[in-house]
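Form predicted on its own, single chain, as structure tokens, below.
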């Protein structure tokens, strides 16, 4: 297991290095000059001395390879630069906002996994029954309806008509609502994956043997199919991790939540270089961390790995 963790870590480090270089290059060649944007926004004199001073202060002078290496060294050591808009350290801004974004994205995925197990199990227990049809309807409906649109409907119903929430207050209720929207989209798909794998187990010899020994369908499904179905569902989480990032960003803007995605939106117009680069890296770390954690979990659930460790 230790060698496997090391291999995952090395692959992640190589991927982060490649992502950082590509993102740095793309952001560096974006149209418009952040220095000129700042000069216009702050009503500074557009003389050569001011322009040169801002470029030197923000590390935008010098050749591109040197700028990248200087940024990379600073990023690794915790110096993520300062945001052009407020002058505050980017790392401090992200540290203050990241817990909220993780609560929505990661919390939503966790809620979806928890909800998918009973929904998928009920659907597999009686295929084509009411629970199965309901889970199929849930999966199709939430996949067809954008979370942003559903969020607008909930704001209108819960905030305007019923007045049970304050839509743009940024309180715990709104955070839970945003996480619930992320979970709702993923739970249907996770439940169908879980249900599919459970039903596949019913055709295996060991399942028929369990029934012959006196176990009813419910206990046989849980005892002999649950672990394999969880294995399949965890594999599906990888595809949803990227979707959760985009939905979290949209919901932060919709509900006015001060997460890193809303901070990014505010920084794009100013071409806030260090914020854009940090956001790309945080998203890359999120994806690699989720993939690595799922790979380790799937490996632990693999019976071949357990046999090799016994």
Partner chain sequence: MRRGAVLAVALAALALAGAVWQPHDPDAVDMLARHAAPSLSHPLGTDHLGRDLASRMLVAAWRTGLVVVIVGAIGLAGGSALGTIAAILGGWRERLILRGAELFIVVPTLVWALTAAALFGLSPLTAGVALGLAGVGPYALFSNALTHRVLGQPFVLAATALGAARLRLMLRHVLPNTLPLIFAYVGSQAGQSVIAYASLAFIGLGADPSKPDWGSMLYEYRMFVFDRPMLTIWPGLAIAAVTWTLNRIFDPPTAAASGGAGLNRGRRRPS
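Positions refer to the first chain, counted from 1. Note that this is a predicted model, so its numbers are computed, not measured.
There is also a form predicted together with its partner chain; it is not shown, and the following applies to it.
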property: Residue among 36, 265, 66, 56 with a heavy atom within 4.5 Å of its partner chain in the predicted complex; result: 265
property: 72, 211, 176, 155 - the one with a heavy atom within 4.5 Å of its partner chain in the predicted complex; result: 155
property: Candidate stretches 203-211, 100-108, 84-92, 225-233, one within 4.5 Å of its partner chain in the predicted complex by heavy atom; result: 225-233
property: 4.5 Å heavy atom contact, residue 258 to its partner chain in the predicted complex; result: no
property: Its partner chain contact at residue 130 in the predicted complex, heavy atom, 4.5 Å; result: no
property: is_contact(residue 193, its partner chain) in the predicted complex, heavy atom dist at most 4.5 Å; result: yes
property: Touches its partner chain in the predicted complex: residue 42 (any heavy atom, 4.5 Å); result: no
property: Residues within stretch 221-245 having a non-hydrogen atom within 4.5 Å of its partner chain in the predicted complex; result: 228, 232, 235, 238, 242, 243, 245
